[in-house]
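Here we start with a single chain on its own, the form predicted on its own, put down as structure tokens.
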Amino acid sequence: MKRVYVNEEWCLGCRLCEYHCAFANSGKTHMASALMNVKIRPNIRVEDDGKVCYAVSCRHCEEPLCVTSCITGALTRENGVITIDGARCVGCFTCVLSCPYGCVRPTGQGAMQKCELCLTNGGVPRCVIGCPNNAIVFEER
């Protein structure tokens, strides 16, 4: 299965992956109108410890703790991809607490969100397409 991988040696910390992710999940057709004056909530985030920058997103674990801890069954793993059914999510934060990578986060509207590999946005993660330095790749390893 293809997954998103990050080469921190190439990451510039520009955060364009965050903007492309937020835009892809906005449902709008123009990036400026989708993101202007909006607090973005991307499913990928860039961490910078002052020495190295790297992007963090869902690892779609083989044995996902977020899925097994979900009390409503809102998180499921199908064909290797972990998705969230926002209608079933009650916002209990159990998945947030159980993810060892910190990849499940609140949306601001009650449900949780995480990377779903842009399955509903064309199948190629927009963070990968938007990375100017090819630090983020979508490949099978």
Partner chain sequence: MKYVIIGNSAAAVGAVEGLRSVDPEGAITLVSNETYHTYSRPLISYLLQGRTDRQRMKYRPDDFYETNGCRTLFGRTAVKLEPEKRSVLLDDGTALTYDSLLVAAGSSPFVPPMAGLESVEKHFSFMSLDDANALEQALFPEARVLIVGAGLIGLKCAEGIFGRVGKITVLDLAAHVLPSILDEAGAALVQRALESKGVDFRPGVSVKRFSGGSAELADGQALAFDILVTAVGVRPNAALVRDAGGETDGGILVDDKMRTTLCGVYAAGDCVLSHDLSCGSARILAILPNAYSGGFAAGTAMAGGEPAPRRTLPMNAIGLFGLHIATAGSYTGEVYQAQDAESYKKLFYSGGVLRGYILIGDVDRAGIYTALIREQTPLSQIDFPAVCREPSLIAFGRAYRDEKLAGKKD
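Positions refer to the first chain, counted from 1. Source: prediction; values computed, not measured.
From this point on, the text means the form predicted in complex with its partner chain, which you will not see here.
Asker: Hey, in the predicted bound form, does Val96 get a heavy atom within 4.5 angstroms of its partner chain?
Answerer: Contact with its partner chain, yes.
Asker: Would Ala55 sit within 4.5 Å of its partner chain in the predicted bound form, counting heavy atoms only?
Answerer: So Ala55 counts as contacting its partner chain.
Asker: May I ask you to check whether Lys114 falls inside a 4.5 Å heavy atom distance of its partner chain in the predicted bound form?
Answerer: Judged by the heavy-atom cut-off of 4.5 Å, Lys114 is well away from its partner chain in the predicted bound form.
Asker: So in the predicted bound form, does any heavy atom of Thr107 sit within 4.5 Å of its partner chain?
Answerer: No.
Asker: With the partner left out here, which residues of 43-68 have a non-hydrogen atom within 4.5 Å of its partner chain in the predicted bound form?
Answerer: Going through 43-68 in order - heavy atoms within 4.5 Å of its partner chain in the predicted bound form - the hits are Arg45, Glu47, Asp48, Asp49, Val52, Tyr54, Ala55, Val56, Arg59, Glu63, Leu65, Thr68.
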